[in-house]
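Here we start with a single chain on its own, the form predicted alone, put down as structure tokens.
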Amino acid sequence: MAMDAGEIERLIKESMPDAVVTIEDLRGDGDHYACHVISSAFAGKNRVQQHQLVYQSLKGRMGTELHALALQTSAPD
């Protein structure tokens, strides 16, 4: 079962309301996405911690409904 890019964005913004989310469907199959997230929630956190926040926001869908997610995360400048 594929996951819609809009649903990914909604879940991330639900957890991080200030997030700027850009999503690209890499294969057109709804299973492989590249996602860039900018949020103040990432301030002071290392890359692993930032990615963990995104995965937590997806509420267990990573690896089930969503097969692959290439992440880029950063705090605002």
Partner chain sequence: MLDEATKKRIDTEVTENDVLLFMKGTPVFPQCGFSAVVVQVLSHLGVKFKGVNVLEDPDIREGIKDYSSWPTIPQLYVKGEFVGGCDIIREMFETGELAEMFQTRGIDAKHPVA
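Quantities reported herein were computed from a predicted structural model and do not represent experimental measurements. Residue numbers count along the first chain shown, from 1.
One more form of this protein should be noted, the form predicted in complex with the partner chain, which is absent from this view; the next part is about it.
Student: Look up in the predicted bound form whether K45 has a non-hydrogen atom within 4.5 angstroms of the partner chain, and give yes or no.
Tutor: No, K45 sits far enough from the partner chain in the predicted bound form that none of its heavy atoms falls within 4.5 Å.
Student: Would H67 count as touching the partner chain in the predicted bound form under a 4.5 Å heavy atom rule?
Tutor: Yes, contact at 4.5 Å.
Student: Heavy atom to heavy atom, is G63 within 4.5 Å of the partner chain in the predicted bound form?
Tutor: Heavy-atom contact with the partner chain at 4.5 Å: present for G63.
Student: Taking any heavy atom pair closer than or equal to 4.5 Å as contact, tell me whether L71 reaches the partner chain in the predicted bound form.
Tutor: Contact check for L71: yes, within 4.5 Å of the partner chain in the predicted bound form.
Student: Would you give me the residues of 4-37 that have any heavy atom within 4.5 Å of the partner chain in the predicted bound form, in order from first to last?
Tutor: Stretch hits: zero.
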